[in-house]
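Here we start with a single chain on its own, the form predicted alone, put down as structure tokens.
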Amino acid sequence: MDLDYTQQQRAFRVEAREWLEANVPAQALQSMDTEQGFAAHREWETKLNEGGWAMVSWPVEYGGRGVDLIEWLIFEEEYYRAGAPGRVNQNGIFLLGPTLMEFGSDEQKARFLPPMAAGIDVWAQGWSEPNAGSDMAAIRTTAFRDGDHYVVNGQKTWCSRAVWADWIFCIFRTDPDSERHRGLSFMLVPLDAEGVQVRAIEQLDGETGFAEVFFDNVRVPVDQLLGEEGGGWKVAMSTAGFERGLMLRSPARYQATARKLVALLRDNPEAAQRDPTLGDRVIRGWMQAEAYALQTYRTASRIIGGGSIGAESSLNKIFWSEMDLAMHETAMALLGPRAELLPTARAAGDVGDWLDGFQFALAGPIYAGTNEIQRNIAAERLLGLPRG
């Protein structure tokens, strides 16, 4: 691993910074979990694509710039430094996109990747079911072959971005006699297909970042099967690796949070006098964010050299989710009683968006596979411990 940037990488950073400074919206966009906010974020995805910044590490023919993972990390650092909007198509570009690169046919890549990069097709994730949350191998939604189609019946739940998205990627049980992770298949389904019903799940804040999706004899063309029939578990585990590993949560996200936390401590010195441990917690959060960045650079260098990430992604997921929660808990402690106020409240002062961030961070140890499951994976596959 080379700890210095090349001249080309420095020039790439300057180009990204200048484009973002000229194009990032001056006002924060409305939440992407509202209809208006979702539309505004889709427009932002279109602008990113027009500038060539939608997904820089993808090949040029699919809407990218063909750069390597180091330059992708550089772009992410500049993206978060600029305060750019969240990525409404993160399920597509960060999870399904890399999976299509690995398992998709040439026809599937040409069909799905360019509109994904352009924000024309926004993707939802559909893995969990009412009785199969983190235990994806327990899914019961079925698909059986009927000529050139599969016929799908069942229900998915907690489907991220499904309320206003265009497509959803799912795993279905295509072998009725199979158990656990065998006999599953990974499919791509348009959410406006006949027989698909999407029902929004309202969160505590009234917004709808999730939905239930019901399938009633939905006919899915065979050419929308990703990978082999019955081989969906292998494809899904690749997607999960991208979700827990490098792509979904880049270190720049947490470095930005750490910088905000340091600024919050400086703006609230009386809090540190009230509780001397808060300063230490802020320093620990900043150091962990920097350590995660260095670790990610090392992982990216190894992948560029032909390596892979594998079960190590479970350690990444445990680390970034618990680090994020700890930093937001520290921010709430620094703010004291004001931490529970909305930014629009009369006495809110400098609370900013810490409450929103804290509520989201609470979910970190749960989504993308609970941390308890990740610890089991690390124990069995990295440490070689026996199954309990």
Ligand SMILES: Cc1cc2nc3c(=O)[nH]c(=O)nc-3n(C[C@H](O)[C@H](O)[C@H](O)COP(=O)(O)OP(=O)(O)OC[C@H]3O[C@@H](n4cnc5c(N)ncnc54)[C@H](O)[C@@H]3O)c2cc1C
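The first residue of the shown sequence is 1; numbering continues from there. In this text the structure is predicted, and so the values were computed from the model without any measurement.
One more form of this protein exists, namely the form predicted together with this ligand; it is left out here, but the text below deals with it.
At the 4.5 Å threshold, heavy atoms of I377 stay clear of this ligand in the predicted bound form, well away from it. Proximity of Q9 to this ligand in the predicted bound form falls outside the 4.5 Å heavy atom cutoff. Among residues of the shown chain, Q203 is one whose heavy atoms approach this ligand to within 4.5 Å in the predicted bound form. In the predicted bound form, W19 stays away from this ligand, with no heavy atom inside 4.5 Å.
Shown here without its partner, the chain carries G126, Y367 and I373, all of which come within 4.5 Å of this ligand in the predicted bound form through at least one heavy atom. Checked against this ligand in the predicted bound form, the candidates T99, T257, T208, S160 yield a single residue with a heavy atom inside 4.5 Å, and that residue is S160. Though this ligand is absent from this view, in the predicted bound form it lies within 4.5 Å of a heavy atom of just one residue from A339, A363, A39, A326, which is A363.
Note that among 151-159, 228-236, 258-266, 100-108, the stretch whose heavy atoms approach this ligand to within 4.5 Å in the predicted bound form is 151-159.
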